[in-house]
Each structure stands twice: as structure tokens, then as C-alpha cells.
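First comes one chain, alone, set out as C-alpha cells in the form predicted on its own.
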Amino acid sequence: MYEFIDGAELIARGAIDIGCDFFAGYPITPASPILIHMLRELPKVGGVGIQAEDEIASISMTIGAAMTGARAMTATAGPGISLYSENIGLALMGEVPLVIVDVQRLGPATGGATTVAQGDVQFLRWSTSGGYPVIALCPSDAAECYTLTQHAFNLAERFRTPVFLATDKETVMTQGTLDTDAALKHLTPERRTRTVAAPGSFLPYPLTEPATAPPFAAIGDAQNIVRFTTSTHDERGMLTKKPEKVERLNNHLYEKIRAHAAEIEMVRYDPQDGAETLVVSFGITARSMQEAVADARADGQRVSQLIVQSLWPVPENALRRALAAHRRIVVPELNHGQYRLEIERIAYALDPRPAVSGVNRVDGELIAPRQIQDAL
């Protein structure tokens, strides 16, 4: 069925279709359309949608709902992520499975409320204290808004961690015609693991396997206490300063993402035989890249392209293979070169080392295909 639809509605549909049953958010451009869709649609399927009093309340409610068994999501823009920051750390420490949508707009601070940007790329990676790894997916078109939202929920459940959906104003608010029957890929929901334990024996954070997310207690288990804290804790959830337990917890929070980075990798790679130049992009800018590469190929140029769908952890294996096959790498993005730093880090470890350059724009306008084509 052909529908005239925008990314906000597809994010909401993707969430509800994968089993999201709780949403809390606070109005902020350009994320507000997601809030509106969720408030309207969630009650129809028995879910709960709340417009909270502010951003801090929104993510706090989302964390609380997730820890009581809900599949929970919230959505905001860059200034909201600033306010979410402390609770993102709480969600990392407490191993809370939830989805956080960041609809990027021009920053810093209040910045450009109705102008597009991709300036939160490094902000999402380092948005909270400790420097622990995060997962962030990035849709580049309407169909991916649906599918990557579903991936985000499944990754959150599998790794017991908050997962970002890093999108942008144009991807979320631009309407287009889409054959939703053909374009939308429905995923099977992954469910969090639960343990049935004898009374008083459940350990909420056993950490016996550093790279494995611990199971939850069985729903309705009133005979076992689950402590939840933002502080460094032991296997029972009790505060601790014992070095061996502190180290074991922190290594676990690091390893449960790092050790599975290869499983999380998602890219769309379109190589061309004989091409010396590779263009790497993500989000709304990837669409300009696709048009630029199509025009260049029509003119007889040989050019490869790669769309990064999983921004964090960086899809190093896929990028390393693609970069090694080219002499020049061009990275268009709507910031001063934040993701180019990651591309340069990988490229500069290669021998021979490909040259890396950027195409950047920070005036609130999109990068035009011609700007990218001029850099090829």
C-alpha cells in the first residue's frame, strides 16, 4: 500500500509493532511529531503514552517503566539529550533496556529549533560520565526509520542497555510516498531473559560472564528483592567500594557492548569495480550522497558508497574492508567532521593509507548532491 508518510510516524509504528507499550516525552522541535503519534496510537493497543512536565521527568518515567517490564521509548532533540544526560548514566549503570530517539537539530544549546544538523554524533557517544560504550543506530530514509527502531528495541533487550536512534529533523518531518507493504521489514521481538529463583536467592547482577547481560527477576516474584542504584554496586545491587567488585562491574559494562560490536555492525555498502574513491555518510546526508554518486556514475566516474547505519559502536570491520579497497575517502556530514574523526582513525592504521576529506555544512541547510560531486 502506498502511503504519504513521514519518519516520525514510521518510528512510532516501528516501536508499537515491535511491542513498545510505554512512551514518555516532552514537546521539543523537531521531535514533537513522535510524541504526538505515540500519545495518539499507544492507548489503542493498550499501551501508555505520557506527556511529562519536562525532559528529566520523561526519561525518568521511561526508566521506571522499563524496570517494571515495559518496552519503553522516549524522544527528544539535542537540548533534551543534555537534560537526559544524568539519567542516561543511570540507565547504563542499572542496565535498563530502553530506546532514546534523538531528532538532531542545529546546536549548540537551543540552536536552530527548525533547522537540520548532525551535530550530536559525538555527543551521543560521550553524553554521560564514565566513557562506557553505547549503541546508536541512524536511519537514512523513511523505511529505515521503521526498521532501525525495531532493531533498537531488540538490541536494548539483548544487551540490557539504552539504545539511541540518532535521526534528524529532515528525516523525521519530511513526508514522502512509500510502499509500506514492500519497504517495511518487520522484525521478531526479542524478549529479555528472566530467572525464576528460590526465595531470597536472586542476584540481580551476578556478573559471572562479563560479556553477558544479566537476566531480570521473574515478573511478580515478591520473594526476591531487586535493588536499583546509580552507584557502583555488587552482585546484589548493594553499594560497594571493594576494588575487585568495582572492577568486575565496570569491566562488565564495557565488555557487554565491546565484545559484541561485530554483531551490532550495520552498513549498506555499494562498491564499484575499479573505483578509487569511496563516499561514506549517514542519516539525511546519505541521501545526498546517493544522488551525487548516481550522477557521477552516469557521467562515467567510478565511485563507491557506504551508508553507516550503526554509528556506535563504530562498524570497524565493515569500514576497514571498504576503506582498504580505495585510495580516497570522502565523508559528507552536517557538522564540522565528527564522524570523519572515526574514519580517519581507521584509515590511518591501514597500509597504504587512504586520504580522507570531508564535505561539511553547519548553516542549517542540507548538503546538496552537487557539493559532494564536486569533491569526488
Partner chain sequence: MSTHTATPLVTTFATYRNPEIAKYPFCPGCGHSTINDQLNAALVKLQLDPHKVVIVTDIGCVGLSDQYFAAHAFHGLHGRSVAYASGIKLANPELKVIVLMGDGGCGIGGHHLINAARRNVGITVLVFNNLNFGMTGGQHSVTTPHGALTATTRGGNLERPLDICATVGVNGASYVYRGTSFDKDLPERIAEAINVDGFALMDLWELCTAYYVPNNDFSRSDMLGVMSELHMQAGELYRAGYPELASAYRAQYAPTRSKTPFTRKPLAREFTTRLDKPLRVVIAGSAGGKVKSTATVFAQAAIRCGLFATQRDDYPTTVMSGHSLSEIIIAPGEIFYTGIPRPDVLAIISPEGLGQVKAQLAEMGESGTVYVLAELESKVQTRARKIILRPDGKTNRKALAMMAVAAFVKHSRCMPLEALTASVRADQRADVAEESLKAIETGIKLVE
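Numbering follows the first chain given and starts at 1. No experiment lies behind these values; they were computed from the predicted model shown. By rigid core we mean the largest C-alpha set that fits within 1.5 Å across both forms.
There is another form of the same protein, the form predicted together with the partner chain; it is not shown, and what comes next is about it.
- Put simply, residue 288 is close to the partner chain in the predicted bound form: some heavy atom of it is within 4.5 Å.
- Residue 194 falls outside the set of residues with a heavy atom inside 4.5 Å of the partner chain in the predicted bound form.
- Of the heavy atoms in residue 45, some are within 4.5 Å of the partner chain in the predicted bound form.
- Looking at residue 355, you'd find every heavy atom of it more than 4.5 angstroms from the partner chain in the predicted bound form.
- The candidate spot formed by 3, 60 and 180 lies fully in contact with the partner chain in the predicted bound form, as each residue has a heavy atom within 4.5 Å of it.
- Judged by heavy atoms within 4.5 Å of the partner chain in the predicted bound form, the contact stretch among the candidates 186-194, 272-280, 218-226, 157-165 is 218-226.
- A heavy atom within 4.5 Å of the partner chain in the predicted bound form is found for one listed residue only; from 87, 76, 150, 304, this is 87.
- Of the listed positions (108, 176, 131, 206), a single one reaches within 4.5 angstroms of the partner chain by any non-hydrogen atom in the predicted bound form, namely 176.
- Taking the partner chain as positioned in the predicted bound form, the residues of 108-147 that bring a heavy atom within 4.5 Å of it are, in sequence order, 113, 114.
- After superposition on the rigid core, the Cα of residue 86 moves by less than 2 Å between the shown form and the other one.
- After superposition on the rigid core, the Cα of residue 290 moves by less than 2 Å between the shown form and the other one.
- Once the rigid core is overlaid between the shown form and the other one, residue 223 counts among the residues whose Cα shifts by 2 Å or more.
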